Each structure stands twice: as C-alpha cells, then as structure tokens.
Ligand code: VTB
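One chain comes next, on its own, written out as structure tokens in the form predicted on its own.
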C-alpha cells in the first residue's frame, strides 16, 4: 500500500463522495429558500431551507451530528444542536450549518444570502455557543501578521504592507451596527474604505481569501456560529481568521441580549466548559479536524457567486466548495433539469 494512501481503517470520513453530497445539500437548501426570496417571509424562507437541508442530509450514508445549528432542541424542531443526521450507518461527521445565512437578505431579495455549512471529522469543529464573536478575516498574505488584539489602525497598516496597496485602496467590510460606530470612524480615519453589510458576514469573510474579490478584510462583531463556518473555509483557503467571544451585552449592543448580564453570560460559558472567555481562537482551533470542508450555495447574488435562477426548463445554482482534503476551491454552476424539459440554454 502507498504510504500516502490511508488504510481503510483510518480513512477520514470526509472524502470526495461526501464532498459531492455536501454540495447537493447546500444546493437544495438554496433552491428551497430562493422560492421565497423577495416575499418578505424570512422565517418561512429559513424553515424551507432547513427542511431541504435536513432531507438531503438524511440520504447520506453517515452518522452525522449537528454541532452548530438552528438552536437548542426546544427552540428548533429541525437541525438543532446535537441532532443526528444521515442514514445512521457509516462514518461519523460533525456539521456546522446555516441553511439560510442572511434571512433578511433573502426575504427582501438583497445581495449576500446563501446556504452554508462546514463539515469535519468528529470533534473537529468548535461547539460555538449562541454568543457573539469579534472577528478578523484577511488574505493569506497577511496571515499571522494582522492580529485581532491590535487596533484597526495597526491592522490596516499591516494589510497595506502585506498587499502592496495604500490604505485608501483597501476595502474593509463591517456589519452596519451601532456597536461599530467607533470602529468605522477609526477605519475611515486611516483612509481605508468601508463596505457596510446589513447581514451575512460569512461570505464577506471568505471573500477576503480570494484576490480580486475587492474585499481585503472583515472586522467587527457578528454571530459566533457563523464565525466557526468562516474559520473552516479560511483554514482550507490558507487565509487569516481569528475569533474572540463577546459576552458583555454592553459591547454586543443587541436587543436579543437586553435582559442578559455580563455575569450571567460568563456563567453560561463556564457551564459550557469555556474556562478562558477572553481567549483568541485561530482558524485551526475553531476548525481543528484533520479534514474540513466548507460548502456554500448562493440564494441571492453575492460577492462570490450568483443566486438561484429559475427558468422554464431548469433551475440554476452557483456554489463554492473549499476543502483541505485536496487543497481545492471548486466554483460550481449546476443546472437542475425539470421534468419534461424541452430546451436548456448554455447560460
């Protein structure tokens, strides 16, 4: 046996067959959600994506487990944290899923909504609590040089040096939130440009890993579960990603935490086994499995790929799969042919 070929007994559960099926999972979720795009029905669009993702996952021969999902079991009837998915036989695989990332974007047919997931070997994804996370994503050239503990001003100077671009040529993505008022002012003071987004920071984080995307950095606070999915993609891309949990409601500045306290959140983290709430996590810690895969399929048009297009005889999806199994990024345009189709255009 070739020394570089794993034996059947220690082969990773993440293989090319699983990668193809994972692609189909996000495609089906995107199609289901896109049918409701622009109708102002964010909850219904999310539910449709969840059901489609769960159904396709159930057809995969695996012992799958949701480690990041739609919430706790009592809050989410499907794809809840701890739910088992797949046929129940075969390899064990952990999943972090966001069936409709950017529900508001989908509901109002705005750019950037997509169906996403990350997969890894058992125990290979950080079990992110339902918290917020300070994030920093940057291109591979700046990996290990920018640092979330540095100021925005310092990191923009480092980015400028690493990329050979002046500050006023850099575009920094920041979620449009009240908590980022000071951050945005500091970034603009360096001369860098701000690209505000209303939701959906996963695609923005990943875009930092591709030259020519026009996105050079993601800064600011977003949801922690999406941070793990972003980390999986950026680890496979070789890009920079760091995350630090946010537990102080005064920092998060979100209405969902209006009745919570800093002390209560710290107690919750302790119960989850997180002894250092201020720890800065690198991408390889948030997605630590031997093999990690990211898959995303556009619901609406976005930075990296188009949204779902419905035609008379087919439905078209645009997707991206990133894997460290074979160090590849696959941009995939798929034509889903309808029954009785008469004519399929080339594009």
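Computed from a predicted structure; not experimentally measured. Numbering follows the first chain given and starts at 1.
The following text describes the form predicted together with this ligand, which does not appear among the structures shown.
The stretch in contact with this ligand in the predicted bound form, judged by heavy atoms within 4.5 Å, is 98 to 106, chosen from 140 to 148, 119 to 127, 98 to 106, 161 to 169.
Scanning 254, 195, 87, 261 against this ligand in the predicted bound form with a 4.5 Å heavy atom cut-off leaves one residue, 254. Among heavy atoms of residue 216, none comes within 4.5 Å of this ligand in the predicted bound form. Contact annotation: residue 177 falls within 4.5 Å of this ligand in the predicted bound form, judged by heavy atom distances. Though the partner is left out of this view, residue 209 does not reach within 4.5 Å of this ligand in the predicted bound form, counting heavy atoms only. Mapping the unseen interface onto this chain, residue 94 falls outside it, with no heavy atom inside 4.5 Å of this ligand in the predicted bound form.
Along 115 to 139, these residues reach a heavy atom to within 4.5 Å of this ligand in the predicted bound form: 132, 135.
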